[in-house]
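What follows is one chain in structure tokens, specifically the form predicted on its own.
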């Protein structure tokens, strides 16, 4: 098929490269000339494991191209996939300006029976707005659909090639058939549903995972009060097949480009339809408060952060990505600076954009960050961090080790001479 993907961010580039690997003729479209030039040269403007190799491979076959021209990209396309950003607006609703701008720009170039698919995360009712926007600009018969993505940063290429399911929201058999054919190279189940159901499925999946994180953090708070160990609690409940041992992450709360945004937007959507006091709104608030509550607690336990040097290990919001969106470090560094601490950070991939008021310096190695630290705070479970031997950097003074992801063996850390602090453990 001839496929155009609008938007060359994380979802757009991964989707374009993977669809090309299925044998489709794919055009990636973006109005950002700099990004398109990079992509045409085989350079990905962000880090995602395995993506650059796949991109170069598909460009070499002639199946994948990039352009800034709507006329060139839309004129021959059978399927147009909108994969642009939907950032949260000031009122925490989904900002649809880029989705609707894409719809307006593609409309004059549509061919008969083309299918316009929204892959961006959007609330119910968005496809109707897109269709109305296109209809105002063309008389061509076209079709609409919703096909949300369920990718994880750091493993997006693998997730796209080995998905748990493909969700297609549409209202006619022609669209279901074509979009099923688009994914015929995969062995994944195809979920056919209403458009609104597809859009809600994406929000629901992320909101549920965020809820699990929030829930276990609340239990961790109680464990710290009564002497229980949160890891032992997770082990105990995990044998119940209804619960499982997977995806329990006590820590500083959820971050990244999806969970905070999607929970906020789903909460805002719930308020717009009269469901003001529901769980989603409270989850959003609890997560906002989480980091500052923990930093306050840790500060009390170490005698305050003032005049202390803190080694912050991990800047990105999770391992295997350089994405800094809603990363814990973006809140921790300003907070520690405001408390009078000097922050030395390390991350193997991400870079913190220093703010003028931040007393912060990024180092090239863990040794450089930790050698004279009063406090070591392990925030992201990069293998380079969790596998590091911290006996190498133990200074001849009292030092605290804050294990903000519960990844380290307490006995080993304490045997090295550190005072160990963690999540959900007294």
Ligand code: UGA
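Numbering follows the first chain given and starts at 1. Everything numeric here is computed off the predicted structure, so don't read it as measured data.
Another form exists, predicted together with this ligand; not displayed. Remarks below refer to it.
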With the partner absent here, would 152, 213 and 258 each sit within 4.5 Å of this ligand in the predicted bound form, counting heavy atoms only? yes
In the predicted bound form, the residue from 174, 208, 292, 247 with a non-hydrogen atom within 4.5 Å of this ligand is 247
Just give me the single entry in 346, 305, 269, 254 that has a non-hydrogen atom within 4.5 angstroms of this ligand in the predicted bound form. 254
Verify the contact flag for residue 405: yes if a non-hydrogen atom of it lies within 4.5 Å of a non-hydrogen atom of this ligand in the predicted bound form, no if not. yes
May I ask you to state whether residue 202 is within 4.5 Å of this ligand in the predicted bound form, using heavy atom distances? yes
In the predicted bound form, is there a heavy atom of this ligand that lies within 4.5 Å of any heavy atom of residue 143, even though the partner is absent here? no
Can any non-hydrogen atom of residue 318 be found within 4.5 angstroms of this ligand in the predicted bound form? yes
Go through 293-301, 218-226, 175-183, 152-160 and give me the stretch that gets within 4.5 Å of this ligand in the predicted bound form, heavy atoms only. 152-160
